[in-house]
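Coming up is one lone chain in structure tokens, specifically the form predicted alone.
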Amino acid sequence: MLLRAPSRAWPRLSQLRTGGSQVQCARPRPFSRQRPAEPGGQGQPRGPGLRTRLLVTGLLGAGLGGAWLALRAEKQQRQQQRRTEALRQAAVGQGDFHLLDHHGRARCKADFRGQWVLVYFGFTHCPDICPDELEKLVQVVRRLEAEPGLPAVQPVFITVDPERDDVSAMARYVQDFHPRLLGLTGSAEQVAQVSRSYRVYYSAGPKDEDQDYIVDHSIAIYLLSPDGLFTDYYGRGRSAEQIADSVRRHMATFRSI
């Protein structure tokens, strides 16, 4: 069986050439001597370097970031303008008022025209909330005072307790907060009129054995524009930083009417 195996299982001897007593094989082809192209050699296209790609990427990122910030600022401005219009339509702070400041001078709304004004309603015997809110109002004023180019903001404190907060009591009280804080008081009718104008609720509680009492009242800081119009308000939950940011935005978008 083994002797009859087909001859194709073995290499073909006919591929070998015989010459005399020697067996010669076909000469192999020589290997190519061409060297591989070196990196950066001539004729090879070169792409942008790493530094260039990083620069392009950075410029694209900066452009997209700037566009996003611009759109965000525009959106905030539109929201603020809609809020301002809605508040003005509410007719808060309309009409004039006639009060006395803590120096005894007569004051009316026209005296503050041309100024940005932050107003707080409270009373000098308030144990905690009024001092805290006035301190916050003063922090806002100081933050804005520290920024060159911004107009000055006039802080104003209006009492809702005219029975005890006369001119001298207001003078003693405001000096502990800010040198430009202006205290305003008046008769019971005058205080009631300005409080109604700004929709401020207040109610004196029962007197104790020492004739002392607490006045329950609304807690808000009001912003008036240089036109004398009610522009915004800030509740107790707003921080000094948040209020200052809001005032800056109102200043930036203000247009006199």
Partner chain sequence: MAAPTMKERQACWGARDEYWKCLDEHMEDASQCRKLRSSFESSCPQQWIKYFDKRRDYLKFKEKFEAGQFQPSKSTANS
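What you see is a predicted model; the values in this text were computed from it and never measured. Numbering follows the first chain given and starts at 1.
As for the form predicted in complex with its partner chain, it is not shown, yet the points below apply to it.
**Student:** If contact means a heavy atom within 4.5 Å, which one of 144-152, 112-120, 97-105, 175-183 is the stretch that engages its partner chain in the predicted complex?
**Tutor:** Contact criterion met by 175-183 only.
**Student:** Check Gly49 for me: does it contact its partner chain in the predicted complex (non-hydrogen atoms, 4.5 angstroms)?
**Tutor:** No, no contact at 4.5 Å.
**Student:** Consider Ala171 of the chain shown here, and say whether it contacts its partner chain in the predicted complex, taking contact as heavy atoms within 4.5 Å.
**Tutor:** Flag for Ala171 set to no.
**Student:** Is Cys126 part of the interface with its partner chain in the predicted complex - any heavy atom within 4.5 Å?
**Tutor:** Yes, Cys126 sits close enough to its partner chain in the predicted complex that at least one of its heavy atoms falls within 4.5 Å.
**Student:** In the predicted complex, does Arg248 come within 4.5 Å of its partner chain, counting heavy atoms only?
**Tutor:** It does not: once its partner chain is placed as it appears in the predicted complex, Arg248 has no heavy atom within 4.5 Å of it.
**Student:** Which residues, if any, of 209-223 lie within 4.5 Å of its partner chain in the predicted complex when only heavy atoms count?
**Tutor:** Heavy-atom contacts to its partner chain in the predicted complex: Glu209, Asp210, Asp212, Tyr213, Ile214.
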